[in-house]
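Structure 1 and structure 2 below are two forms of the same protein chain, each written out on its own as structure tokens.
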Structure 1
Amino acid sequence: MRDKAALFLYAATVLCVTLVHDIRLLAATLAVVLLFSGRSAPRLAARAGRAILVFNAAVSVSYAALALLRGTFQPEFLLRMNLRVFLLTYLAFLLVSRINPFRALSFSPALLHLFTLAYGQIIVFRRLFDDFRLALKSRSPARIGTRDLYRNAGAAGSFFLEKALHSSTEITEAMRSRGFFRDPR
């Protein structure tokens, strides 16, 4: 219940943050959220900062350059945009660090099943993908050429495709044998 409530609170806060355009109000919200995060605030702020750095820097610098050339530069726009993006990203990291997403999504059984099964398979696939990457690295003493990189990517892709289809049948059978699906009779 706590996780579901946190998810809905997060969604409502995100909506409010995108409806508010007053810089002071956005800054005050950020201050409250930082205070609420307690000791994890510096770590989460650093993560959020890193996550938005490249895209926001590109947009901010391009905006500043173009607006200065056209004589339409508005520093409040830059402040508002960066403040809002940082706040939303920070809220996302705060949510991820505080809730159990599986419990939060339990309001929809179909979504919960999809989410749980997909996450389990992602863990397996990520490990296997690391094996693929390390295998290529360990067998290539020289710099790997473009053609070999594509061959490796293609081989990995077709391997995971085959594995996915096999796992799909296997999971369905496992679920069926445990009485997960309704008996059609």
Structure 2
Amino acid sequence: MRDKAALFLYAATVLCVTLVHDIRLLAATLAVVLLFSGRSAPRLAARAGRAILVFNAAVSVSYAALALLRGTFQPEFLLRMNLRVFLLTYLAFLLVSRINPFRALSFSPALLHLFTLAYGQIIVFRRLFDDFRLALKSRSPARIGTRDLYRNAGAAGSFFLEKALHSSTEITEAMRSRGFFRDPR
């Protein structure tokens, strides 16, 4: 029951955070969430910061460059966007660290089934990523250069994309054969 309540509270909070445009209210919400997190707040904040760093930096720099060229730069927009993304990411990491998602989704067999499929895919991809990392490390007697890291990342990305497409096709067909989708035919 606690996991379900936390899941619904998370969903309601995410909805509210996406609807709020006042920076002070977003900052106050972040402060409350940080206080609610207790001792795990610094670890979760660092994790959320690392997760959004590259993407938010690219978006922020792109926005700043274009807005400065057009003369429409608004620092409030940049602050609001980054604050909102950090808060949403932090909330997601907080939820994942506090609940058992299988118990939280037990109210809906269909959602639980979908989550189980997604979780299985995550486990497979995590194991494959570790295999790629260990294979590169074992094949490199000297320190791995940046060029080799990029080549390996490109090959791994291509492999993961093909694997994801293949797996999604297989899973969709398996779900259709079990009557999960209504086929208009």
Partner chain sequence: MHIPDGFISPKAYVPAYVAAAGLWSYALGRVRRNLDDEAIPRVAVLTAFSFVLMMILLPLPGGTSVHAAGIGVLAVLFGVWTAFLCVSLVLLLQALLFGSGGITSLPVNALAMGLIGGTAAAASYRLLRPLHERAALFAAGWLSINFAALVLAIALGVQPSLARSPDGTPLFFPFGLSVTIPAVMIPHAVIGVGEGALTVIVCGLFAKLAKERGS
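Values in this document were obtained by computation on a predicted structure and should not be read as measured data. Please note that residue numbering is based on structure 1, beginning with 1 at the start of its sequence. Whichever C-alpha set is largest while still superposing within 1.5 Å between the two forms counts as the rigid core.
- Between the two isolated copies of the chain, the form predicted on its own corresponds to structure 2.
- Both Ala104 and Val54 are members of one and the same rigid part in the two-part motion between structure 1 and structure 2.
- Two rigid parts make up the chain, and between structure 1 and structure 2 the smaller of them rotates against the larger by 41 degrees on C-alpha superposition.
- A C-alpha shift of 2.3 Å is found for Pro109 between structure 1 and structure 2, based on superposition of the rigid core.
- Core superposition gives Val124 a CA displacement of 6.3 Å between structure 1 and structure 2.
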